[in-house]
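Next up: a single chain in structure tokens, the form predicted alone.
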Amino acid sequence: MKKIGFIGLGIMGKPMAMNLIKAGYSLIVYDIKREAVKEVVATGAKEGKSSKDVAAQSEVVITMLPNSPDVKEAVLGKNGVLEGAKAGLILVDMSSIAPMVSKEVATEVEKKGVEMLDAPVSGGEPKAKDATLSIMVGGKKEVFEQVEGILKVMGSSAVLVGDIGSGNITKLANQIIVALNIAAMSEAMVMATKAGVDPEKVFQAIRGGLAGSNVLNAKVPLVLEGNFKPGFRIELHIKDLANALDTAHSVGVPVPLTSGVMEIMQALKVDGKGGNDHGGIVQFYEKLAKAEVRHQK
């Protein structure tokens, strides 16, 4: 069984690492936040001193970090993965970053004989915890096959979609659909509430029809409780939509709906809600309509 290094133990990374430990893998972990490291070490992982130290002791290194600069720093920077990596190491970056950065990092690590996959995930914290993430992968088929079993410990599906960078292009497509779904749900539920219909009953009535979706099932119950504790923060979705807009425009694709939702999220960030779950998009509509989508008393 391969020795795995895991770098980045945030909302998503921590439960993903713990699922690998539960499956019997030997893990060495690192994060700049010591508390997260201690928590995972308590479940059986070994603590790494740095990204370099993790790579030196691993056959596969998984990174799960917030954004493109974080991945570049952890992999290519001082005391980074590349400094500790031996030829033959497989780097699986599960962060959601710009596809061009995935390609850039892959080009650099390949000079040292390191193979790389970009393998972002969808499903948020709940699916990270219960190991049912959807994992979309870019890279070489033969490299993917070597780590497919590892990925399927963390997700219910792991699909190779193309060459390096393809994983993150797929993730951007996913993030566009999720953002627009949440916005559509928000418009509809605020309208129903303001018109005097119980939003919980609206949800129950429409969820089994064509308007039903995983987004609807996951987010409406939280909205009804007024629970915007982050499974996936608005500010991180802003990062993904910025990458989506850049990528779309670079290949000549206008994305007017994505641009509109981006501005809604930016307005919420300015209003101090950037740390809320992206289901909190509903608050933009609630403020305009002066009506809250909540359980009826």
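No experiment lies behind these values; they were computed from the predicted model shown. Position 1 is the first residue in the sequence shown; the rest follow in order.
Here the subject shifts to the form predicted together with another copy of the chain, a form of this protein not shown in this document.
With another copy of the chain left out of view, the stretch that reaches within 4.5 Å of it through heavy atoms in the predicted bound form is, among 161-169, 106-114, 81-89, 223-231, 161-169. For the chain shown alone, residue 285 is a contact residue for another copy of the chain in the predicted bound form, at least one non-hydrogen atom being within 4.5 angstroms. Interface membership of residue 94, defined by any non-hydrogen atom within 4.5 Å of another copy of the chain in the predicted bound form, is ruled out. At the 4.5 Å threshold, heavy atoms of residue 218 reach another copy of the chain in the predicted bound form. Another copy of the chain is not shown here, and in the predicted bound form it never comes within 4.5 Å of any heavy atom of residue 128. Relative to another copy of the chain in the predicted bound form, residues 43, 54 and 62 are all farther than 4.5 Å at every heavy atom. For the options 147, 121, 185, 98, the one in contact with another copy of the chain in the predicted bound form, meaning a heavy atom within 4.5 Å, is 185.
For the stretch 172-190, the set of residues having any non-hydrogen atom within 4.5 angstroms of another copy of the chain in the predicted bound form comprises 172, 173, 174, 176, 177, 178, 180, 181, 183, 184, 185, 187, 188, 190, in sequence order.
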